[in-house]
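In the form predicted alone, a lone chain appears below as structure tokens.
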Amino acid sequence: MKKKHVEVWGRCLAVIKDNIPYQSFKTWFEPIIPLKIENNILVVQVPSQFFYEWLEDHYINLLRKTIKREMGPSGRLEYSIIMDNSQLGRKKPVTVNYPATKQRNVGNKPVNMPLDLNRGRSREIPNPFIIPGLKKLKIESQLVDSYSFENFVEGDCNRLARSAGWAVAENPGKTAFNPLLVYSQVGLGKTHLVHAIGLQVKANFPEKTVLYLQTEQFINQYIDSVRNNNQNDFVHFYQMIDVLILDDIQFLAGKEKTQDIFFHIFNHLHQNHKQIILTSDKPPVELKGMEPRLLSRFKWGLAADLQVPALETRIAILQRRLYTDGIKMPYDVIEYLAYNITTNIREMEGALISILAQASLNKKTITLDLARQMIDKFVKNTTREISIDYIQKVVCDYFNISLDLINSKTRKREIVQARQLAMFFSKKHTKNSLATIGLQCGNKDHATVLHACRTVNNLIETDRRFRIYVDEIDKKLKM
């Protein structure tokens, strides 16, 4: 028969596990050992002082709520910390008991400082199940404040999805966009957009319950509910949500039981005019391993895609990020970044952070040369393809003409020649079709691109000066 302190801590762990990522649970809670309960104080053993301080800094709200739920309002937690005091001549570890308090050193003596248990009271701990006896549970939305509409840069690539998201935030559950399914490749802003919708709903309707979670978290919670035989509580919890945001819905593929339970939750929410927001890496028609009845419901509302952002949008995204962080950077560096990393916003922002870190750690000024060094390393690790945008910029810089001119309808000889070179190098260095190259090079057709490539090849063979142009531009593209 389990002892009381083991049972109490086991129930605490069940709640904690549902409210934090699985890896965090394994790292910070599985190593904890319950020792005893005395005077309604649960004493647990942790491996080190650092471990204790991390729990206090990151999980105090969760621990406080869980202990009070399982042990009543007077329940308390104390830590027994294993410390290896080899410097004191002890060969065995010694155990030092600390209450749930912050500590500071005064001289060589540790002094306990009472912990403010009211800290973070406005942010209740999320719980995937209804607590028995409570009619309504305040739920932590799990939204990230920085993922707001204010920080979401709009462009042609995302205008439809953003407009639909704004309409949903203004009138959740009452528009034709229910469900709203946002889909795209990795790193193009799906998660940012759905967080922005959730934050705007909270701003417009503070009384509404908004919940964001990843589909894998939903799946794990359902598995736990089956194991604990409380599926009804699981379903009841999600039926309470006013705006449910489920990220990466494609992970439901092949999981029939989880799809079945989500089908019933979906129906209840939709019938009661609650808003459902989903994200996926594919449009509904391409989602494999999904039940047809669930797929049909995904098509009830709007499926909006996010496409790869154009050059101007990529520059605007970098500028917004720098402005938000209060950092200044030369425009030519921002432009270089935007030209060279074209398919993934997340990778582009990662490269930006790498440049900032390199400059800060080595006390270097942020210059175009520094950016080139960093981006070259970054690009080698991400299998980069030179973009048409970048080729056009290099050609225009070489001939000292503006980018607008190369894409204009002018027939001036020097502009036509620059445009033909841009088409030639786009065919040589990218995998784009002739039609795509023509579209991005002055809205020309594939026959014009083919003619341009033949013209450049003929000039390379007959015009020595032109051949030098081609060699020098090619070197710049490979730098």
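Predicted model, so just to flag it, every value in this text is computed and none were measured. Sequential numbering from 1, following the sequence displayed.
From this point on, the text means the form predicted in complex with a small molecule, which you will not see here.
- Contact between residue 190 and the small molecule in the model of the complex is found at the 4.5 Å heavy atom cutoff.
- When the small molecule is considered in the model of the complex, residue 151 lines it closely, a heavy atom lying within 4.5 Å.
- For the chain shown alone, residue 236 is not a contact residue for the small molecule in the model of the complex, no non-hydrogen atom being within 4.5 angstroms.
- Among heavy atoms of residue 345, some come within 4.5 Å of the small molecule in the model of the complex.
- Per the 4.5 Å heavy atom criterion, the small molecule in the model of the complex is contacted by stretch 346-354, the sole one of 346-354, 399-407, 293-301, 361-369.
- A single residue from the set 204, 185, 163, 231 has any heavy atom within 4.5 angstroms of the small molecule in the model of the complex; that residue is 185.
- For the options 246, 169, 338, 317, the residue carrying a heavy atom within 4.5 angstroms of the small molecule in the model of the complex is 317.
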